[in-house]
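Below you'll find only one chain, the form predicted alone, shown as structure tokens.
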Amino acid sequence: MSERPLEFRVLSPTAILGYGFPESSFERGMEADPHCIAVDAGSTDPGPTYLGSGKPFTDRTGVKRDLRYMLKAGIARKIPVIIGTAGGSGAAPHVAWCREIIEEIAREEDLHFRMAIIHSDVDRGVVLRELNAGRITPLPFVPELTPESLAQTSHIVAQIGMEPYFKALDTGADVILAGRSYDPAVFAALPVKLGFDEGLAIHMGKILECAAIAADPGSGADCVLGILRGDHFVLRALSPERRFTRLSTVAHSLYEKSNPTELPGPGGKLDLRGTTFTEHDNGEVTVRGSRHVPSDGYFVKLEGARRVGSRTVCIAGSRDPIFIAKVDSILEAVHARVDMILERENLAGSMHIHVYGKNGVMGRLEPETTVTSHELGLVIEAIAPTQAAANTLCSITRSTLLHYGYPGRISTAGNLAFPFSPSDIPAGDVYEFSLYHLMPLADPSDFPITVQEV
């Protein structure tokens, strides 16, 4: 597509590749004759483990199912299929995993196409050079980057903007498979390249990246259509069960934002101070006035994770009203006893007990201090340098809590009920985000692109 059409239609099949969608919704989307099919395939929401380990957080069967629909429809219609943040985190092993699935589908369905692969990995040496030059900036509430934490980071990716997609589109690719990407870029790149307004395209991409989550009722497993025109865009749900409303669209425009009127991204920010939302009787919403404001310099967010140990967990419960009434003092005493054992035996590790039914979700931020539950769920979490050490720490904590003699206790057989045997569950390596920082780029399109005939 070399000329700008009067409107540009983007089909977003699902909130994250692998989450699924109704075939009927997808077919309605294809009946609207979209100019491209685009999908966001990842997120940092599931935490740092997947980036650090190089493993996907989406199921291979689900990803293959979604991709089969998308590839068959896109190739048949000769419209681009664009996939961003492949494999969930977008590092090299995640891209390779998704690439293998695409090639497998092509063999099974006898599909022939050109695929451009964008890698968003950043060399550790480049980051160290920028760090030593004082050009790495932490995001709010993120600690300063150190050479030590950088050296421990297994995979480093940049949240790329639209510019590498422009280069990939110039190759004539039918399919674009990209590493970690700014979510709206996956949907906005082609229309912006054709001359559509950047602010409107990015805002539309911001909505489309979560597909029908932005509709009412919301769903992460359903399709939506975005229609971009000269001075506005329109959102259309593709299931008769859903509709876009002014409220649902405004709410999703605020989604994952610390500022209600500005959304920063690579090379600038989306300004919504002049944006209007118009709801229509047919279940569509028209959005106008969104602007893209270029930044002074081009910055990308770096993401990286490092291993910090191994984890073992134990799930238990209590229905003893005496235990529940004294739970804070009991856990404090158990914690002190376990710490004493660790110090005496020279064991490294940390332990935490999550109390569900009291403050298991919000922890110290929980404003409700009165426990009204008749039962509590307890999750013992032990983290240590090795899995064996984590197993030991969990065992010590579990047995100490199980038989701790709190004041007023009636039953001495044990304080906890265990739903599983064995009670202790080794959970493997633990990672934390070590990179969540901004880095300047002289050339925002300077990311490796390989092209293959599939």
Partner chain sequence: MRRPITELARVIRSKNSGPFELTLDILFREEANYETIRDTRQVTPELIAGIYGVPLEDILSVVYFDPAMAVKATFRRPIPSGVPGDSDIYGAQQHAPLLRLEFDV
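Given the structure is predicted, the values throughout are model-derived calculations rather than measurements. Residue numbers count along the first chain shown, from 1. Throughout, rigid core stands for the largest set of C-alpha atoms superposing within 1.5 Å between the two forms.
There is another form of the same protein, the form predicted in complex with the partner chain; it is not shown, and what comes next is about it.
Between the partner chain and the residues S423, S395, T44, Q387, the one pair within 4.5 Å by heavy atoms in the predicted complex involves T44. The contact with the partner chain in the predicted complex, taken as any heavy atom within 4.5 Å, belongs to S258 out of N282, S373, S258, S295.
Partner contacts here mean any heavy atom within 4.5 Å of the partner chain in the predicted complex, and among 123-131, 244-252, 282-290, 88-96 they occur only in 244-252. For the three marked residues, P143, H352 and Y431, a heavy atom of each sits within 4.5 Å of the partner chain in the predicted complex. Mapping the unseen interface onto this chain, V308 counts among the residues with a heavy atom inside 4.5 Å of the partner chain in the predicted complex.
Heavy atoms of G317 never reach within 4.5 Å of the partner chain in the predicted complex, leaving it off the interface.
When the partner chain is considered in the predicted complex, P138 lies well away from it, no heavy atom lying within 4.5 Å.
Contact annotation: G29 falls outside 4.5 Å of the partner chain in the predicted complex, judged by heavy atom distances. Core-superposed comparison between the shown form and the other one: the CA of E368 exceeds or equals a 2 Å shift. With the core held fixed, the Cα of H335 is displaced between the shown form and the other one by 2 Å or more.
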